[in-house]
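Next up is one chain by itself, shown in structure tokens, the form predicted on its own.
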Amino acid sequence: MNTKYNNWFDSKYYHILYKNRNHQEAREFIKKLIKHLKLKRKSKVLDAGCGKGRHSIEIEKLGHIVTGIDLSKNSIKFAKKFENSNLNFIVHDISKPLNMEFDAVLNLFTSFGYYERDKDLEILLSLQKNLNINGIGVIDFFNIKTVKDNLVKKEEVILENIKFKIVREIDKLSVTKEISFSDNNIDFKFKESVNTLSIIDFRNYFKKTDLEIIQVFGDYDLNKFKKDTSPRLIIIFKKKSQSN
């Protein structure tokens, strides 16, 4: 039985389970976000935790120079099919800064909080180092209150003749999802775990950096964040040294 957590994000089964993600929603969100950020054409953008590159691809189409990074070798291998002179994908740990600065640094679709909380701060400091002095950053996380209120504890999903059994739990520290299934008479069990971070937790993280939060939105239409009802927690930030 395969129980290694890190292998999950790089396995073919991860991509089977999540193959029906809403690309239209992602496309519309990116258009609204980039317009809101008022990025100049040909801005350098880092998509940190890019997965298979769906956000990076849309950002490049809007006229920007994009670098997507992710630890999943298979995700980057897929994303590289879409590379061009303004779009580049690299296997890289988002907690380790690249040796370059960007006009915008984005961490989208809950690509944060997958490690111990000290690592969260390390990732935030890495994003800080990759942001130029006048740059703007975005972290798109789930709203933990809404996740708790709408948690589906058990679920079965059949995709490509594989029955995925999913069990979800929440405690004070994390939201966990256990995924078990069989394929070719082999049993698999994987686990996803994301820290239960609220806006207060993020504000405490930011206090330990040279970054400051300037706006908080609650959904992909960029409506104001409401703690009890918003589906997302979208944080816009900049460097404290940046002029207002």
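In this text, residue numbers run from 1 along the sequence as written. Computed from a predicted model, the values in this text were never measured in an experiment.
Although not depicted, the form predicted in complex with a small molecule is the subject of the following passage.
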(message) in the model of the complex, does each of 49, 72 and 110 have a heavy atom within 4.5 Å of the small molecule?
(response) yes
(message) If the cut-off is 4.5 angstroms on heavy atoms, which of these, 79, 139, 104, 94, is the one near the small molecule in the model of the complex?
(response) 94
(request) Answer yes if any heavy atom of residue 54 is within 4.5 Å of a heavy atom of the small molecule in the model of the complex; otherwise answer no. (result) yes
(message) My question is simply whether residue 114 lines the interface with the small molecule in the model of the complex - judged by any non-hydrogen atom within 4.5 Å.
(response) yes
(request) Answer for residue 225 alone: is it within 4.5 Å of the small molecule in the model of the complex, judged on heavy atom distances? (result) no
(message) So, residue 13 and the small molecule: in the model of the complex, are they within 4.5 Å at any heavy atom pair?
(response) no
(request) Tell me the stretch among 146-154, 128-136, 86-94, 163-171 that has any heavy atom within 4.5 angstroms of the small molecule in the model of the complex. (result) 86-94
